[in-house]
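Take a look at this one chain, the form predicted on its own, written out in structure tokens.
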């Protein structure tokens, strides 16, 4: 049994939890899972048992506790360098870190107006100008990264941290019926067809 535990929120709603969960699954790194129900009177207290920020996800690896999704991803990449979770090429690695940081820090309007609900298909919302720009920017990132990628169907060829960070957006585009064509549709299909993603969505359905 793995001595590391990933503490996550509801699979249906927690986009931040999906990112490190998918990364660990795709890298083949064993872990135990602790799920905290979100939007409950006890949620904050439950999270504080594991995280000083009262937020999930949290990775507990032995005596070490790592909170924040990006910090977890960087820790995993450093601890298991043989998994190649950042691109090997220096230029691609710099670009990958840039698009990951952009997702980590940005897209606030899209997040607010298109909250993750990975088991539902909802009417396409009337997006604000800011949210529409966010959607267009994500699609631009997918197109430009795929145009330069080689050796695989992901943003930088092989699966990397960047794909884990953009995977929840693929579910959002389906949930809110955002039009996708060409490279954007192909990339979303690639992400959503991963066995790990199917496992996550199936578990989210059972939770519901």
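Residue numbers count along the first chain shown, from 1. Note that the structure is predicted; figures quoted are calculated from it, not measured.
Not on display, but discussed next: the form predicted in complex with a small molecule.
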property	result
Proximity to the small molecule in the model of the complex, single hit among 178, 35, 38, 149 (heavy atom within 4.5 Å)	38
Proximity to the small molecule in the model of the complex (heavy atom, within 4.5 Å), stretch among 27-35, 150-158, 178-186, 55-63	55-63
The small molecule contact at residue 104 in the model of the complex, heavy atom, 4.5 Å	yes
Contact label in the model of the complex: residue 16 to the small molecule, heavy atom within 4.5 Å	yes
The small molecule contact at residue 46 in the model of the complex, heavy atom, 4.5 Å	no
